[in-house]
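One chain comes next, on its own, written as structure tokens: the form predicted alone.
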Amino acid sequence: MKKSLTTLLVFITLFTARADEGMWLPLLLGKQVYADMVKHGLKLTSEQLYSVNKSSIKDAIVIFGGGCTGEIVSNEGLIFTNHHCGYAAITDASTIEHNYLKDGFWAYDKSQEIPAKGLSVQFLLRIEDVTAKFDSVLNGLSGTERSQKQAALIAGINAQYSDPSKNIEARVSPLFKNNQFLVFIYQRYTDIRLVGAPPESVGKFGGDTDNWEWPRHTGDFSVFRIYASKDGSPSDYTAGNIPLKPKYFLPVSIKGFKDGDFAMIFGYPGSTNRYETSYGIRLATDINNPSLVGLRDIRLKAMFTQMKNDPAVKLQLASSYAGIANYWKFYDGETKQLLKYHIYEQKQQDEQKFMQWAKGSPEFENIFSEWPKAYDAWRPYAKQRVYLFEGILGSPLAKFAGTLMKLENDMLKQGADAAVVKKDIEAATEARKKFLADENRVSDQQILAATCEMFYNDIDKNQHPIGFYEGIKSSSGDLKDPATYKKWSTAVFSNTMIFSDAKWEAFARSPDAVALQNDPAFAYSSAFIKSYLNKYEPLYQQFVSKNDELGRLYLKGIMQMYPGKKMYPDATFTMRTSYGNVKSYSPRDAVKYEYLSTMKGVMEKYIPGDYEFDLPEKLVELVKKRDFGQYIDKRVNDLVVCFITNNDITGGNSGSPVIDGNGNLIGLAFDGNYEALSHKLAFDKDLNRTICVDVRYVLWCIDKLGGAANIIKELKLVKQ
């Protein structure tokens, strides 16, 4: 074993963690962690979990799209993932006449499967430790010099391990706050086709009301297939492509489980920051999270008002709305849990212990005298940054207008290159087409007015773009009157060339920087972006550089402070496995939540015609007949819909397989519980739960509700 790999194995055995806590690298489980998995019910060898030379479970796990996980469940490249992960593809395939989002979709043979344009999946081929290469270059460096050399080294290693001719991509992932570096090598497949999806009333049952809540009754799944060229290599869509023959696929268990049974989750958790300081916790709870929640609330209300009254608008905005809503509720819950469980104070106690330990060490003793200075320097500007990205640029019009700044830049360059400007215009014209297709003017006009007003009221006047609000006052009225912003927003939408084909085409024929600068939408967006880039982005970069450097040293010191204890790296959207158990819990006095939810609960929540709790007529009829077939759970004499485990997951794990001790698929992870929404920053060993859709409900929806028995026949069902 290479020396650097040995070092990482030591690091991984460093921090005390319960069986249900930790997102472990499957390559580097270590004997202690693997033994604990076996103790909790795992029946597989470590090589069956991860192997480079033989097929293993890791070969059945894919990055789905840009931020989810999927799993291969047949020898013909069939993928299960969450409904919300396939949401954009389902929406894109839908029309008012064939509204697959509303009505569901099932391909009854492969000829009916719908190409999902722009969607791809990635298989992990292998992982290599490249820490030694970084140490040889970075040792002794700090600050900007270190970060620049690290970035250059990452780019070089990524290029070295990639092979574009085979769709092989390499990405270095820094772990333990830049103390360790692994390179992950993937192969990307780009011919992905939609095979099946339940109606939205099933796939999103409960809507925002039930989001992050238990008990849950959501059929959050969709089905896709990977196609490849005849030799199995990646290929863009062509009619001659064939279903991929995977290295490995997961058997699907319909035999059920009970409270306490082993559960393992494989997938791609996006990001955590479990080693954050008390300063970072305070910044999140005081400024970042409340600002984001307030701004997203404004956007969601404007969009929802239009969506609920018009099916076409709902289809148009569905994907965008779902993405905004998901983390609106998450960050609200995160703040409440961080405060409720005094995470700030816990972090302070840990830091006091570290400072006592670090006395007399030149490398570590000054960390906590420098860190508060870095936060104090940035804190006055933190809110303004959130208000720019979540508020000003939360308007789709403002966001699109901001992308035209490159065009402005190129037009203003001395000796402007006509060919470059022409290319910019062509790119902007294409982007404008997509923007207009996705744009709902009524809601966006409200968002533009409301977020501009919020910036004026909530952000220090010294941080406003110079002269901008004075211009609104002179044209539209009193800045303390909401009507002023509505009037101004109406004028922006009426006069921008972005909405006028004639004006846009005239500008494209004869591009002129002054004409662009005078456009009201561009003038608005660019005023805020330029103000930020010129005055505050340098301060932010200084803060990030200092924070990263001190974070690296702090974690390095922690490792030296606690030798011999287990430690897992923060999530970095790289393959991880977590393990634990199916497990009920008691969130508060006199309340106990069972480990599963059933069809009985679905019908108790059912409200005919309701935006969030309606159900397809066919589903209701099937339930009345109790037509559950082989998918019924005989223990509860009902169809199990969802269940909970104490596995450690985060965003990116959506769609991840929940696997039993024998390596069979029993469910798909899709959510967490509200009582433990602090999990990105602090894991709650008692209350943390992962909410999963039971695979038996998935199969029932495919078979009984969808009538797609052809999909069921592809699977390897485990019944005994």
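The first residue of the shown sequence is 1; numbering continues from there. Predicted model only: the values in this text are computed from it and were never measured.
Missing here is the form predicted in complex with arginine; even so, the following discussion is about that form.
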Review point. Using heavy atoms and a 4.5 Å limit, would one call T277 a contact residue for arginine in the predicted complex?
Key: no
query: Looking in the predicted complex, any heavy atom of T91 within 4.5 Å of arginine?
result: no
Discussion item. How about S654 - does it come within 4.5 Å of arginine in the predicted complex, if we only consider non-hydrogen atoms?
Written reply: yes
(Q) Since only the chain is shown here, I'm wondering whether F64 would be in contact with arginine in the predicted complex (any heavy atom pair within 4.5 Å). (A) no
Here the chain appears without its partner; judged in the predicted complex, the stretch of 235 to 243, 640 to 648, 265 to 273, 206 to 214 with heavy atoms within 4.5 Å of arginine is 206 to 214
Of N326, N289, N547, Q445, the only residue with a heavy atom within 4.5 Å of arginine in the predicted complex is N326
Answer key, arginine contact in the predicted complex at 4.5 Å (heavy atoms) among R576, R225, H84, K347: the residue is H84
Near arginine in the predicted complex, with a heavy atom at 4.5 Å or closer, the residues from 661 to 699 are F670, D671
